[in-house]
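In structure tokens, the next block holds one chain alone, the form predicted on its own.
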């Protein structure tokens, strides 16, 4: 009986852990390694290309997720507001395009053109970058700040608190984080739960 109880306890712990364990990627305060990914214009893009940047708004997103689509205009607004202040948006499409062909490079190019994206929209070919970050959703945001040690993770999570209705947003998490960094202040909410579709592997 003891063996059965132990077995059940182990199974229960495993199930709970599967749902509650945090991602194995970056935590706030970690230094993010650079990447070299293909943009929709065919050029390779790295964070090191942005010589004048003070940091970055790295967003894992895609064409096919309803949550990501709902945030497209807000992502564009973030770039227009903060790129000139030193925090450009760098969007990365992390999905396996065999599973989601609507996220292939041709589809990314068409979507970017239709929406008038002004930010880089990169393909995580081979799905090597999103696991490093620990991204699990589209969209999933990482605000980075350039430091003497490298690009330090300052915020992880959602763009804001209402994916359904931009006009009903109460807290703009990313804007608050970047505004705090620009003002040299502490970020109040450094981590929130990303809401979106699971990344397709």
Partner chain sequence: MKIIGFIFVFLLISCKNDVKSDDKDFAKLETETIQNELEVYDYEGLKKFLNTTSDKTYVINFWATWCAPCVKELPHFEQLNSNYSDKKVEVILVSLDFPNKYDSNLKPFIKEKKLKSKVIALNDTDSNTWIPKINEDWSGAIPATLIFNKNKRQFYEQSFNYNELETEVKQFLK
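Just so it is clear, the structure is predicted and the values come from calculations on it, not from any experiment. Numbering follows the first chain given and starts at 1.
Below: the form predicted in complex with the partner chain, not depicted.
- Highlighted residues 162, 193 and 200: every one comes within 4.5 Å of the partner chain in the model of the complex, counting any heavy atom.
- For the residues 26, 50, 56, 67, the 4.5 Å heavy atom test against the partner chain in the model of the complex is passed only by 67.
- Comment: the partner chain is not present in this chain, but in the model of the complex one of 136, 151, 63, 39 has a heavy atom within 4.5 Å of it, namely 136.
- Heavy atoms within 4.5 Å of the partner chain in the model of the complex are found in exactly one of 26 to 34, 162 to 170, 39 to 47, 143 to 151, that being 162 to 170.
- Within this chain, residue 179 is remote from the site of the partner chain in the model of the complex, having no heavy atom within 4.5 Å.
- Residue contact check for residue 111: none of its heavy atoms lie within 4.5 Å of the partner chain in the model of the complex.
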